[in-house]
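First, one chain by itself: the form predicted alone, in structure tokens.
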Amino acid sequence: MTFKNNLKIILAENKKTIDIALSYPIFLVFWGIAPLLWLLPFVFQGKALVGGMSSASFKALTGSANFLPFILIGTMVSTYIFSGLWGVGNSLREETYWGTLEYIIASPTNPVVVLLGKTLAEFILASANVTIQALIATFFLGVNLTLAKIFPVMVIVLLLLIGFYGFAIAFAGFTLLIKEVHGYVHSLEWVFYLFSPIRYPVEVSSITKTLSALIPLTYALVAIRGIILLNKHIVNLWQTMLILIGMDIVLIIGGYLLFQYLERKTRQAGTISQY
């Protein structure tokens, strides 16, 4: 397959995935609004535990006293992560439900090319949802998201997603082999919630702080919060960006090789079409 043909397949798969998603607009509403609703318990807990939306001990850990913007940023960035887990990691399993997986596997197209199309679609859909969240956060919840901050934030988000989508592609191969994804995705969600600073600063515990250093999401959230909440310049975050680039290289190469291995193993087992 030539580069031009592969590009056509990526764009066609991207269009197909978006068309399917737009056929069920309630899901877009859910991913645009529901993550913000998940914040409300933390707002009520904050008022109950510290009597308001700011805390001196929280500022000592993060540099910002107000914990609502901290959680909002974690919510928006994690939308990309969980969208990738469900959308890319579960994509080949969905092809099984639709009865099209065998055609993809039997075609001359590398399944990774098809997954790249799904990855592009998930990025577009997640960006639409995050835009809704950002508008709500800016106009109703007082988060300061200026145009000057959006560009460096998107650079960091892209660095995060390049490596993470490599992981999601490997996860798609894993679902080919085991035929089930929901339990594993939910488990990964809670691992991210516990060991990366989505909802709270991991510095609160030496265990979470140590283990969070293994998760790319940690570095991305630290950098993004530094830009938005602490007015840091992206140039001053070069060490974090280098770490993300290094993780990207490992995850892309490792994700591709692992997917190829798992797909081959599934073919050899003759279980591609099994449930």
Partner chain sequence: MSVAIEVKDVVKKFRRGRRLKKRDIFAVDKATFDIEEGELFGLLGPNGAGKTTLVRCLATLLIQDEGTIKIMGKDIYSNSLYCRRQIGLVTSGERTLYWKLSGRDNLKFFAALYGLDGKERDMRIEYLMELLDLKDVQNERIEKYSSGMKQKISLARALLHDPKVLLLDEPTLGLDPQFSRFLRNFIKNSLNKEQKKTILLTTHYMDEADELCERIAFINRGKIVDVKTPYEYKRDLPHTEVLELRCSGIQNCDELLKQLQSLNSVEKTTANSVDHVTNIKIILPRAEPILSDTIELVRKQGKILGINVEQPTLEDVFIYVTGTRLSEDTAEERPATKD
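Please read all numbers here as calculations on a predicted model, not as lab measurements. Residue numbers count along the first chain shown, from 1.
From this point on, the text means the form predicted in complex with the partner chain, which you will not see here.
Report task. Determine which one of 126-134, 192-200, 171-179, 103-111 lies within 4.5 Å of the partner chain in the predicted bound form, judging by heavy atom distances; exactly one does. Result -> It is the stretch 103-111.
Report task. Give a yes or no for Trp98: in the predicted bound form, does one of its heavy atoms lie within 4.5 Å of a heavy atom belonging to the partner chain? Result -> Yes, Trp98 sits close enough to the partner chain in the predicted bound form that at least one of its heavy atoms falls within 4.5 Å.
Report task. Answer yes if any heavy atom of Ile9 is within 4.5 Å of a heavy atom of the partner chain in the predicted bound form; otherwise answer no. Result -> Residue-level check for Ile9: yes, a contact with the partner chain.
Query raised in the report: Taking the shortest heavy atom distance, is Ile20 within 4.5 Å of the partner chain in the predicted bound form?
Result: It does: once the partner chain is placed as it appears in the predicted bound form, Ile20 has a heavy atom within 4.5 Å of it.
Query raised in the report: Within 4.5 Å of the partner chain in the predicted bound form, do Phe30, Arg225 and His233 each have at least one heavy atom?
Result: Result no, not one residue of the spot touches the partner chain.
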